[in-house]
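Only one chain comes next, encoded as structure tokens, the form predicted on its own.
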């Protein structure tokens, strides 16, 4: 048995150990240093079957280093599902989470969960409302300027309409067009359509809008909607402006299924520069697209995510990217036509 003196010495030693442990724990709560082990990055996509997003996610995953673990989820177009996924990634110990919002107007649950846990969020591709991104200093956005894509699409379409007389099939001096839009009320859909059409008119093209259809960024839906346009307007459609490549490809599918000869097709323009979209430009099925730099966005996202996971700042990337308001990194679009298609194929 321990003597009274030994028991007293042991008690003092245990008390000292407990005190040191408490002090260390307290310091750990204050430090910004990254805990040892692998960095864990979480990612949730609004829909993994979206062609552009799947390619962007693939580019991002291709950069993962040996000391980094990537956890990816598909929200399947459900904001409620995505909210649960963010909570789960926080529970799984993710150091930073990349979020492609299902509903850009409803990020509250995502922000609140991340803020409570102190986990930075990098939103991408779907830009949340400006007031929301200002709710916490660890919310960021990587993407592009939707207005620029609309302007460039309008410029491409205007150039074609003004230089190729065959576009005006009925020779009335007016271009009859239809629009294939993404989601109803979605900022990118609204902005891309507005700026594309306005630019077309500013460039001096007289236009007559035959109709528009919401196709939710989806190729199959766009094929159905375009088939309905063909039934209604026959070969009167001279131009199709599509908010993304997948819907433009759906329009092409509809014309191929219709049996209409190629010379009777309208000129078709997309946005995004997906692999299949670029191939359609190469094959002279789509006249042009606007390249959304998925490679550059993936690199910027990864660089930012790694910096934030290690306690760094977005300002450390200001020499490499145009960082605005300490929150945003936006990469430029580029016009793609048959003239420069080889520069973009196989990127």
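Positions refer to the first chain, counted from 1. In this text the structure is predicted, and so the values were computed from the model without any measurement.
We do not show the form predicted together with a small molecule, though everything after this point is about it.
Q: Determine which one of 165-173, 184-192, 129-137, 205-213 lies within 4.5 Å of the small molecule in the predicted bound form, judging by heavy atom distances; exactly one does.
A: Contact-bearing stretch, as computed: 184-192.
Q: Looking at 113, 85, 125, 199, which has any heavy atom no more than 4.5 Å from the small molecule in the predicted bound form?
A: Of 113, 85, 125, 199, the residue with a heavy atom within 4.5 Å of the small molecule in the predicted bound form is 125.
Q: Tell me, yes or no, whether residue 293 is in contact with the small molecule in the predicted bound form, where a contact means a heavy atom of each within 4.5 Å.
A: Answer no; every heavy atom of residue 293 is more than 4.5 Å from the small molecule in the predicted bound form.
Q: Contact between residue 217 and the small molecule in the predicted bound form at 4.5 Å, heavy atoms?
A: Because a heavy atom of residue 217 falls inside 4.5 Å of the small molecule in the predicted bound form, the answer is yes.
Q: Residue-level question: is residue 53 within 4.5 Å of the small molecule in the predicted bound form, judged on heavy atoms?
A: Yes, residue 53 lies within 4.5 Å of the small molecule in the predicted bound form.
Q: Taking the small molecule as it sits in the predicted bound form, is residue 302 near enough to touch it, meaning that at least one heavy atom pair lies within 4.5 angstroms?
A: Because no heavy atom of residue 302 falls inside 4.5 Å of the small molecule in the predicted bound form, the answer is no.
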